[in-house]
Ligand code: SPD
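Just one chain follows, in the form predicted on its own, and it is written as structure tokens.
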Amino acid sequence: MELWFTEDLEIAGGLRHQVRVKRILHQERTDFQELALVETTDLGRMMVLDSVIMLTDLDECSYHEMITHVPLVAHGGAERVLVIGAGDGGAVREIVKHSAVKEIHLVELDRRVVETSLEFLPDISSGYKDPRVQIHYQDGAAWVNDREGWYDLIIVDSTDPIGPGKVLFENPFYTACRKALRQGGILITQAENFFLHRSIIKELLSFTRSLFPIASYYYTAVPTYPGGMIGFTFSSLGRGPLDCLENPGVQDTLASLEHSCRYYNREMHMAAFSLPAFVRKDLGL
């Protein structure tokens, strides 16, 4: 008998994913959501929150590397980094590769996501061992309200705009993030799929355009996400996303990352901002 996990994609126009599962590693109801970790037949281990796929061993690299290295390379000197969500630790694992970063604050609402990741996803959560990392189990929206002018980079690795993640897709949160950034700071947020969620992306870009001189959108391929891809808003008080790539000092960083990354490199950084004609027209990019 075969065991399959079925994901009905609530915000993706009636799409459905099915993944064949070897065994259930862990399942519980936390204080905030349903949490499960399973071993799949072909994708490695998989984390599921409220019946939505968060990551798999197969393709987590393309998400975590692109949500972190694109803004870190673009900024060129970020020292204080805030990550909201991302309790699995994948984003932190990538950020600690940058020696210039001095402090990494992870703000995760659900302690059990971090604890189960440490137990069942040791490679993905390995960055938590770095002494620069501080974990705070708090609401991310409330956290940024109290940190005016503190961060060089804020990364919002949120779930979809339903349930606990809804507040992270609203204008007051973006306004608070803008205030929490230092001069030249950058804000990156998970921003859905341009085939399936353009109304959501348009709304997010309306927030960022009103708050930041530079507001753009880029994307990466993630086969186990709706439509096989996911995007991010790139909002900057300083450099644009491609301004730094010809700087001599960046070349050493890029060379080092190419040795340690599975997906990210200079070419993927540039290509991520090359959008189809209909997307550029519809989103005004």
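The numbering used is simple: start at 1 and walk along the sequence shown. Keep in mind the model is a prediction, meaning the values are calculated, not measured.
From this point on, the text means the form predicted together with this ligand, which you will not see here.
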{"query": "In the predicted complex, segment of 95-103, 150-158, 136-144, 204-212 with a heavy atom within 4.5 Å of this ligand", "finding": "150-158"}
{"query": "Interface residue in the predicted complex among V70, V38, L35, M54, criterion: non-hydrogen atom within 4.5 angstroms of this ligand", "finding": "M54"}
{"query": "The unique member of C61, I230, L43, V48 whose heavy atoms fall within 4.5 Å of this ligand in the predicted complex", "finding": "I230"}
{"query": "This ligand in the predicted complex reached by all of D88, Q190 and Y225, non-hydrogen atom within 4.5 Å", "finding": "yes"}
